[in-house]
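The form predicted on its own is given below as one chain in structure tokens.
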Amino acid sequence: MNSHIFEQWEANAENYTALVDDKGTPHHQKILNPCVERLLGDPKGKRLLDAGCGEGYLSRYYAQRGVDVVGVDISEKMIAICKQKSKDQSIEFLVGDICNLALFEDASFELVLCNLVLLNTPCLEEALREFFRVLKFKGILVFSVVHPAFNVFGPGRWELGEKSPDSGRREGRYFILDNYFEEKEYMIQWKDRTGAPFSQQFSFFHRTISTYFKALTRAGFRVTVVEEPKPVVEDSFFERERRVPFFLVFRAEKLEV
């Protein structure tokens, strides 16, 4: 992994942890996580790699449901936060690079979850090959990204109207996208819940949908499901996300050894 990616996550570890707030943002909770859970199937009793675990809220969630969870993140500060937050749970957290998972032997896991990580990762092909390697035969990979065709962290943006008194968010007029096929790194400044900027900008890597699909097949996976999840609640807060998808989620299986 490039050193500047490590530095970004080290610098922003506390801000990110506060933003996630132990359970994920509203977009995670009401759009993405229900889809991810459904695609993973029944994970009880299986060994799951949370690849790019962040502050570990999904690791904790699945451990509470009888899953043998191992969380890996490139940030030493993030892993320290994971261990502190999970001290009452039997989760193994390790500092590691998803581009090179030498920590693990071949065929070590039944499940790999990589939730909103690959869009911040320069090594897509290497990471997918490593996920394939550490999965057992018939193992499942589920990974999510911000939807490449409606990527507010890349080549797209909403044209916004007035702030809604119901949701507290500005209403979406229409979505603007250009240069979709130009795959490159974008630097994005995140803000905390008070509107204050994070310590450093984050790197986001825009890729097309076909790039993700082809990388999966080159790594050896068979793609079984591609989903663009909708909000699971009727809430005016998600007015934009009911009109265009915010996330893209892949489910792929290792059907070769």
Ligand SMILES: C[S@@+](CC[C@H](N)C(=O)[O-])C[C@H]1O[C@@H](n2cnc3c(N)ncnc32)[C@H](O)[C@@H]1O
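Everything quoted here is computed from the prediction, not taken from an experiment. Sequential numbering from 1, following the sequence displayed.
Just so you know, the form predicted together with this ligand exists too; it's not on screen, but the next bit is about it.
S.K.: Quick one: find which of 62-70, 206-214, 46-54, 227-235 has residues within 4.5 Å of this ligand in the predicted bound form by heavy atom distance.
M.R.: Only one stretch qualifies here: 46-54.
S.K.: Does any part of residue 116 reach within 4.5 Å of this ligand in the predicted bound form? Heavy atoms only, please.
M.R.: Taking the distances in the predicted bound form, the answer for residue 116 is yes, it comes within 4.5 Å of this ligand.
S.K.: With a 4.5 Å heavy atom cut-off, would you call residue 36 a contact of this ligand in the predicted bound form?
M.R.: Heavy-atom contact with this ligand at 4.5 Å: absent for residue 36.
S.K.: With the partner left out here, check for me: in the predicted bound form, does some heavy atom of residue 142 sit within 4.5 Å of this ligand?
M.R.: Judged by the heavy-atom cut-off of 4.5 Å, residue 142 is well away from this ligand in the predicted bound form.
S.K.: Looking in the predicted bound form, any heavy atom of residue 80 within 4.5 Å of this ligand?
M.R.: Close contact is absent here: in the predicted bound form, residue 80 is far from this ligand, nothing within 4.5 Å, heavy atoms only.
S.K.: Counting only heavy atoms, which residues in 132-167 are within 4.5 Å of this ligand in the predicted bound form?
M.R.: If the 4.5 Å heavy-atom criterion is applied to this ligand in the predicted bound form, 132-167 yields nothing.
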